[in-house]
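Okay, so here's just one chain, in structure tokens, the form predicted on its own.
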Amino acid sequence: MAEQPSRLLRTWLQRQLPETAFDWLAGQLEALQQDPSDRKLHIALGMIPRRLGKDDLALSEADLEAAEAARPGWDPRGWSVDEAARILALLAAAGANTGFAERFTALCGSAEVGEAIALYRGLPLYPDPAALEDQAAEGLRTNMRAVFEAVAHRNPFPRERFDENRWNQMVLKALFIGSSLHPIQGLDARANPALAAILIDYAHERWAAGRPVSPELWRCVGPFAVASLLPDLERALRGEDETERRAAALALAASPAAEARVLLAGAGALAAEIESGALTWERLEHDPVAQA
């Protein structure tokens, strides 16, 4: 049987923290289980960074596999010690789950940046997820990129809970604030024609202003690139930015339009790289300017 997320968080923290720091955290968790009042929780959340520090949470491949087994989609890469401990404290105080959504909303409303990031990163682990959707969307409206990415990146909550409109607005805002798309879980599975149309309009606005377009945009457009959208992909394919040219080629390869095959064939080496598997979205993410 897979371990519960709380048990895993506690194990990871105990392994990494000095004994005195972990003993303090264990005491706080026990106190929250006995008295999960708002006062106790606020004190614990506020003291955690000062008592435990903000080092990166050290995780092995086995830890990540255990996280996936405990909660499919849970990806704690990039978490810090204080974030993990804050989420653990909130889970300890959740008790019978009554009123959790109201408490979560109130905490997000008063949280400083670091606390807000922790609260939103914990979304896939909380009870009553349906009641958390509006507050998760509120997290996307922030002007703080790190808070936005706590919801949008490496988090299964948007993929599982957001409706199409909310999902599309999240992807568009990621581009608008210069955030990457590839850490968004379900990016390919939840691509849709409406999103493709929105992103094409966005690309036109950028081009009209003389500004570049993120190559990742084309990933969401390609599967829906019918004849009317192909001129935009052709423009990207013939541009000077090598990464965007490669992204346009990948989008053409995903297009259902026969004309896209003709355009891609004219791209020569890029078509061959896609055919051989040397050029994929995953490789483009990790090596955007120097593909083989």
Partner chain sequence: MMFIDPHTHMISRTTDDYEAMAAAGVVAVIEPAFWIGQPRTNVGSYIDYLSHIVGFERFRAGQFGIRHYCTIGLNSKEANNEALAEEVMEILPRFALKEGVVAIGEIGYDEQSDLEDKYFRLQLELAKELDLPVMIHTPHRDKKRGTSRSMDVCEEHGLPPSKVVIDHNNEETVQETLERGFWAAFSIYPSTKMGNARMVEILRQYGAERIIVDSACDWGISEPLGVAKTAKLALERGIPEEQVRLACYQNALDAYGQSGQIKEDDWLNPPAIDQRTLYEGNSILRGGREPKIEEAKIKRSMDELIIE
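Positions refer to the first chain, counted from 1. A quick note: this is a predicted structure, and the numbers were derived from the prediction, not measured.
Although it is not shown, the form predicted in complex with its partner chain is what the next lines describe.
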| said: At 4.5 Å between heavy atoms, is Glu112 in contact with its partner chain in the model of the complex? | reply: yes
| message | Under a 4.5 Å heavy atom criterion, is Glu30 part of the interface with its partner chain in the model of the complex? | response | no
| message | I'd like to know whether Asn165 contacts its partner chain in the model of the complex, with contact meaning heavy atoms within 4.5 angstroms. | response | no
| Do Arg145 and its partner chain share at least one heavy atom pair within 4.5 Å in the model of the complex? | yes
| said: What I'd like checked is whether Arg39, Ile43 and Ala106 together line its partner chain in the model of the complex, meaning each has a non-hydrogen atom within 4.5 Å of it. | reply: yes
| message | Considering non-hydrogen atoms and a 4.5 Å limit, which listed residue (Ala26, Val226, Leu64, Met47) is close to its partner chain in the model of the complex? | response | Met47
| request: Name the stretch, out of 114-122, 217-225, 87-95, 127-135, where some heavy atom lies within 4.5 Å of its partner chain in the model of the complex. | output: 114-122
